[in-house]
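As structure tokens, one chain now follows by itself in the form predicted on its own.
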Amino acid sequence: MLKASTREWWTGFWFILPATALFVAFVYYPFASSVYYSFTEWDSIRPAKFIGWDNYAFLLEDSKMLQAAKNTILITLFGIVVQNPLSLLLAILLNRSFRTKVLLRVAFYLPVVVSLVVTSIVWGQILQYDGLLNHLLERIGLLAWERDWLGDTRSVFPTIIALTQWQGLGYCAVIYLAGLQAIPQDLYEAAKMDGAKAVNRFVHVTLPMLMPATTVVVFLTIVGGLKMFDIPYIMTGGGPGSASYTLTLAIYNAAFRENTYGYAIAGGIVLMIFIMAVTLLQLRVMRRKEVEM
């Protein structure tokens, strides 16, 4: 007869076997296959031809991919440096007591719940040369500012950046708002009794207590920026030229328009490793500050 511990082991094994099999079939095996195909020249029709590190080497020489990497990093940095402080400021303003507080909270959060497809189509219409924005500029006498906002290489990328930051502002502000409302008011009362001014209370009470929320917001900003796809794909397709290309869009085009699946998979694996490295470093640094708080 089997011992009780052996029976328990086999019972546990049979319970986890289905989940493990599904995980291997749909996660580990596809990932291992992707790693293999990233070392091949493969168009999904003819058999894959092993070419070693050539796909990875070409990533460093492909001007479109390098432009896409530059654009993606700029979108991410802009989100960290500009969107996060703006969303914190917005959260502080919306945390105050005034009559239209709820209405404004809904207004700023609305872009988050609206489909990115709908948002992109509407803004695409507004930003056309004969769109609403240029009509408004004409009405207020700013004719020199009129342009095809999404068709001009000078304006298309700043426009894409502005839209991505606008779309994510409300989401980050909600996280900061939750963090602000979780701060015990006793800390502010104690700081006031010690004679701390408003600026000092913000620096020494609000910011340290908001570090967990800041960690989450920065993490989401980095991940969202590095995998930016929807808005440039729908509004510009990466153009004109490669002015609004992002890494995910370049990988998509390499796979589904140019049929260079092996090269696209190599780009995807490099992007995945880069996102993992950046987010792990960010979490390690910011979590340490939370501990020191």
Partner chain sequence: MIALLFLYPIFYLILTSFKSPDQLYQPLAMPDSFYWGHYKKAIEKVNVLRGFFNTFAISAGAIGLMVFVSSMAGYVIARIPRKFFQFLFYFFISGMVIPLQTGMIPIFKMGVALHLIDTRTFMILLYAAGALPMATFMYAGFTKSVPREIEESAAIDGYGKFRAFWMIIFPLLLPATGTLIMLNIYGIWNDLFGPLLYLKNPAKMTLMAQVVQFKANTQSIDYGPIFALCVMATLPLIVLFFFTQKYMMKGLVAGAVKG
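In this text the structure is predicted, and so the values were computed from the model without any measurement. Residue numbers count along the first chain shown, from 1.
Same protein, other form: the form predicted together with the partner chain, not shown, and the subject of what follows.
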Interface segment, criterion being heavy atoms within 4.5 Å of the partner chain in the predicted bound form, picked from 188-196, 202-210, 168-176, 70-78: 168-176
4.5 Å heavy atom contact, residue 112 to the partner chain in the predicted bound form: yes
Interface membership of residue 282, the partner chain in the predicted bound form, 4.5 Å heavy atom rule: no
In the predicted bound form, residue 261 touching the partner chain (heavy atom, 4.5 Å): yes
In the predicted bound form, residue 66 touching the partner chain (heavy atom, 4.5 Å): no
Within 4.5 Å of the partner chain in the predicted bound form: residues from 117-144 (heavy atom criterion): 117, 118, 121, 122, 123, 125, 126, 128, 130, 131, 132, 135, 136, 139
